[in-house]
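To begin, one chain is listed below as structure tokens, in the form predicted alone.
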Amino acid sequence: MNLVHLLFIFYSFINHKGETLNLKTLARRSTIVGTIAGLLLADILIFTAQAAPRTVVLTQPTPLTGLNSSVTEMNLATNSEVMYPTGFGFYYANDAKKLVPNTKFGTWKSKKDSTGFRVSYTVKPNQTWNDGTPIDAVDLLLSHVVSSEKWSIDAGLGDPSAGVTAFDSLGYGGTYTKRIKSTVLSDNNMTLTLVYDKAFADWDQYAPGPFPVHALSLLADGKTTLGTDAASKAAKAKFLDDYLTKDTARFKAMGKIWSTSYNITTVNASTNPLLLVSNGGFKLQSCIDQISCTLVIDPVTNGMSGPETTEIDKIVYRFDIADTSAPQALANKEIDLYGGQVTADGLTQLKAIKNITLDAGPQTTYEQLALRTAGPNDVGDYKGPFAGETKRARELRRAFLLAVPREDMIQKIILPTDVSAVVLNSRVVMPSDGAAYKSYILNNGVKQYFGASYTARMAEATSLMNKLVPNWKSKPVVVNLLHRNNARRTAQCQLYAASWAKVGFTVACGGRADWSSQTSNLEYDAGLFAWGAGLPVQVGDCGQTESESPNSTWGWINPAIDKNCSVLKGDPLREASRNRYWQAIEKEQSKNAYTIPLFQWPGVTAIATTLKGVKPSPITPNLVWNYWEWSN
């Protein structure tokens, strides 16, 4: 059931490492699935990586928050990474950011005809979920339910664009919902055909992902145990009938289960097994809140729906090992694999450890600062300092962004771990893209935040504050800033807060472990977080930028951005044209002082020499995308 494969594999911006909002997310997740990120402990549980030769122990600095990363507040890199080995769909992404067809699960073909653009997805026969229930194309239908706004409205589940829906899904609001016309199920229930109004850019990334709909149907019936073969088949037949008749009551019940029941962080013998039905090489065995999750090889489905795992039989994710303590854990052989936000001291420690391999390089994850202008989709009564689209609100936000010491951040915190690091001036193109990046940032509007020196920017910010808040020295503007409470974020916020104080902002650094569930909390005026990119797509980061996107949690309402995103969701464009639309969007973001990019994350992966086959990927899932190739 890998809930990561639930919907569509589309470009994913996640919150990296549990702190990355998996952008597995978002723009492209405009259809979900995702591929688009906290830490701490409770009772200490000691794992010895070398005690079990076929066990791989890795760190995940942010704890698990739920099993379904397609739910709005669950779009975390950790959630996607942990659940990734538990499911397979039509394809997966490799470390070269390319789609790899998974013909063990199924195949697809496309065709243009008088009715539009049709893509037929056929599930390979003789596959089952790990409870023995056959997998077929009926298991693909939930992707449509949680991504089509029209279907939601027609079924009486609410209008997702208005923030009212039975399924709290990230899949709404994107290219899929704009282009899809209908779904057609074959007579043998093994092929699902998606009928679009016409072909569009990156259509191949919108394949429907499998979900054990029989389990969802049983859960909605209040069942707490796996069904018999007959009961499970009947439950799937009931789901199909509910789908065809658009049974409002039934889908509201299933929507509540889908949106809330998978949001668990403890998994043990008392967990409802229907929540754990899957089809991957591994199955989720247990999770200890804030500490760990353990996956074990699934003898029923391993090698059935995807590549077979033969050299390892257990994967343990550790959440209780912080970035600062990971080097010592590697030296002690408590863990086999680490990838996180290493500090300069941590990198020095890693380099001194014998019997590990270091893989370093910039990730596609990037850090940004976002300011709130309203509630998500303009829902809620936000009255903070940056509220609204008036000239005063815009200039106050601009003063705040001008006072960010981005250069100082690079010099003091990032360069010690990445000697090539530079200030980031785009959210679409990265410095690691070389000449393309240098050309791009000349026209994307961010120059107003890097064209002048920090001293000059501070002078402009002070001038704006003298006009907007004449008494700022005695009554500064209070800003509540949301961020994850790890070492680097804390240092970052403190550095920024000292600068903001010089121009009249008192900033409360609101570091918290559950930060990802608070992005819609109107108590927070701004947020520091990262987006971890997945497969590149034409639509860019529209999923977190458009006014009506479920991922645009900061309340930006901008018709110009919406207009440009609408074009990007349409016909395939040449690279030069895509760049013009992306640049136009970033110009609007800069002009209205909604957000500012900060830096591209330095990537450091440490691998025990006993662990073979790990190929770190720049996109999510960064470490486990090829787990079936590992040996230990």
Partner chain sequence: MLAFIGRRIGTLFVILFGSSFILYNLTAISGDPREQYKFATDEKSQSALRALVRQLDLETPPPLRYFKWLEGVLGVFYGKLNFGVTRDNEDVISRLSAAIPTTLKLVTAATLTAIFLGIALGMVTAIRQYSRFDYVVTFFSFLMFSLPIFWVAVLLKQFLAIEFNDFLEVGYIDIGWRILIAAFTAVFWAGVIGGSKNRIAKVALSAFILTFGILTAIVALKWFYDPGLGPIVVFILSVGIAFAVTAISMGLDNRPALKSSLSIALITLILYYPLQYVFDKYSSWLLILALAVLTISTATLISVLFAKIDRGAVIRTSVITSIGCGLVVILDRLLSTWSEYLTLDGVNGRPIPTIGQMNPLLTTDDFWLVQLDTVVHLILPTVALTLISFAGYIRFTRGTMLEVLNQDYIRTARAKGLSERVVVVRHAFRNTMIPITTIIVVDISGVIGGAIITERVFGWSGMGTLFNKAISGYDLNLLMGVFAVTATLAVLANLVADLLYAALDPRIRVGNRL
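Numbering follows the first chain given and starts at 1. So that the term is clear: the rigid core is the largest set of C-alpha atoms that superpose within 1.5 Å between two forms. Since this is a predicted model, take the numbers as computed values, not measurements.
Here the subject shifts to the form predicted in complex with its partner chain, a form of this protein not shown in this document.
This chain is drawn without its partner chain; in the predicted complex, the residue among 418, 136, 334, 298 with a heavy atom within 4.5 Å of it is 334. Only one of the listed residues (513, 401, 267, 155) places a non-hydrogen atom within 4.5 angstroms of its partner chain in the predicted complex, and that residue is 513. Across the proposed site, 199, 364 and 600 without exception lack any heavy atom within 4.5 Å of its partner chain in the predicted complex.
From the list 287-295, 469-477, 114-122, 434-442, the contact stretch for its partner chain in the predicted complex under a 4.5 Å heavy atom rule is 287-295.
Although the partner is absent from this view, residue 314 contacts its partner chain in the predicted complex, with a non-hydrogen atom inside 4.5 angstroms.
Using a 4.5 angstroms limit between non-hydrogen atoms, residue 175 touches its partner chain in the predicted complex. Mapping the unseen interface onto this chain, residue 579 falls outside it, with no heavy atom inside 4.5 Å of its partner chain in the predicted complex. Within 4.5 Å of any heavy atom of its partner chain in the predicted complex lies no heavy atom of residue 509. Contact annotation for 295-323: residues with any non-hydrogen atom within 4.5 angstroms of its partner chain in the predicted complex are 314, 316, 318, 320, 321, 322, listed in sequence order.
After superposing the rigid core, the C-alpha of residue 322 moves by 2 Å or more between the shown form and the other one. For residue 345, the Cα coordinates differ by 2 angstroms or more between the shown form and the other one after the core has been superposed.
A displacement of less than 2 angstroms separates the C-alpha positions of residue 134 between the shown form and the other one, with the rigid core held in common.
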